[in-house]
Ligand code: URP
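A single chain, nothing else alongside it, follows as structure tokens in the form predicted alone.
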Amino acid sequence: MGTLIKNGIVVTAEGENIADVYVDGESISAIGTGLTAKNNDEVIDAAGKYILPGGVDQHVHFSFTYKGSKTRGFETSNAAAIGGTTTVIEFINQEKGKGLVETIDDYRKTDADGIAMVDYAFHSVMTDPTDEVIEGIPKLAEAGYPTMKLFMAYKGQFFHADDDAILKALQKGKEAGVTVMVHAENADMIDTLTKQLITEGKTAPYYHAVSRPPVVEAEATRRAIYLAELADAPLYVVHVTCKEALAEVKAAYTRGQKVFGETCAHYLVLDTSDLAKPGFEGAKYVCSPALRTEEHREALWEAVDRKWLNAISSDHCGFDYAQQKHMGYGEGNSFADIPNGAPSLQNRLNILWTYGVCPGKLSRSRLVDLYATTPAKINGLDKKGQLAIGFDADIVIFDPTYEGIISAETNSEGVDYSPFEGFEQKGRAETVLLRGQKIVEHAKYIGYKGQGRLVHGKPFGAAYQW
């Protein structure tokens, strides 16, 4: 039995037009006008609605642990589906004594396979950069995990990477087409500023931003770019947040270096005033890099519109406010003890549509490119992120007439707050198909646990090709 979606406005990264989409099994088999259903086909009338590719969120944390506190896992991945995302890519920290591929395989067998409710892939995070581990980087590409991340921030944490590790990873990665990503913040600057602020009694959540000003991000971004230049390798900078770091990415790209970057939905609509909310409320907004001021937000909107940045992710990090975020509360504690990150898996598309498309900051086609098409290309997912014949039938039927309010009470992320609490929402994913199977109907999840499937990426992704 197939599915025929009729009369909708098909939106791709190239443009939009009224058309029908026919799904045969797990794939899209036809796009055009006047398509007809076969016996027993389901017909969905999408008149007045937009047909989008299922989103690809290349930056989620279902297994992140910060000072002993762990995020919610793949059991909450139905939130992605409700938000129009059909593929998520999780970061897996290498376990000491284990290889990069072995760590991912062991994790996915216990924490993702049979649990995930959308399709999923993985990035490796190298934490034990021995010569043997570095020599094994090409095995990631062979195993279908062609991306790797290194943390320049978090001095003293086991996942912090120094310049030696980054340079060697870039050199070895380019041999096999592994795209190296960096979290670009200067760990020593942060460490010094943090200690100084705490000594001065400046411990409230707001001082998280003071401890990680834009120069911290800009310096690390520039340094990573120089390391990539030395290695003659492409570089991907995750969650760019400020004008200064953005300028470094733009300058490198302009002079012909293969340097690219993403930002995240919360950096486009939140700012330092949220960190300064009374009481301990600001802890909800502690994420790294830190939130910036409004001028940086506007620069990011311009950057994603003009293609200076090429993806918008969620950087979803599902920590509870009442318990986990309060690790930084009380005598002897500070902003440095608050687990970093915010839950944002379900509302990425909602934020981008309401605050990007509706006010004219993004076209619908640019939105599709940022939230689905280019993230798939970066990560070598050659059947994802596009409405095209032969691609997986990951499809979102988006109702632009819906109006509502974002609230933790109505989301499915499994945590007790939303950083977008009270935000206006225009439009929603009304129906979502995952490989041709309906998993969201009337904006409610109707799929089942374990419906998601591991997706292997191919090496030499888009960062190698531009």
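Just so you know, these numbers come straight off a predicted model, no measurement behind them. Residue indices: 1-based, along the sequence shown.
Not on display, but discussed next: the form predicted in complex with the named molecule.
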| query | finding |
| --- | --- |
| Within 4.5 Å of the named molecule in the predicted bound form, all of 206, 241 and 271 (non-hydrogen atom) | no |
| Contact of residue 133 with the named molecule in the predicted bound form (heavy atom, 4.5 Å) | no |
| Close approach of residue 122 to the named molecule in the predicted bound form, 4.5 Å, heavy atom | no |
| Non-hydrogen atom contact residue 328 with the named molecule in the predicted bound form at 4.5 angstroms | no |
| Touches the named molecule in the predicted bound form: residue 92 (any heavy atom, 4.5 Å) | no |
| Heavy atom within 4.5 Å of the named molecule in the predicted bound form - the one residue of 49, 61, 435, 428 that qualifies | 61 |
| Proximity to the named molecule in the predicted bound form, single hit among 317, 352, 101, 233 (heavy atom within 4.5 Å) | 317 |
| Heavy atom contact within 4.5 Å of the named molecule in the predicted bound form, the stretch among 387-395, 225-233, 241-249, 333-341 | 333-341 |
| Residues of stretch 154-172 in contact with the named molecule in the predicted bound form (4.5 Å, non-hydrogen atom) | 154 |
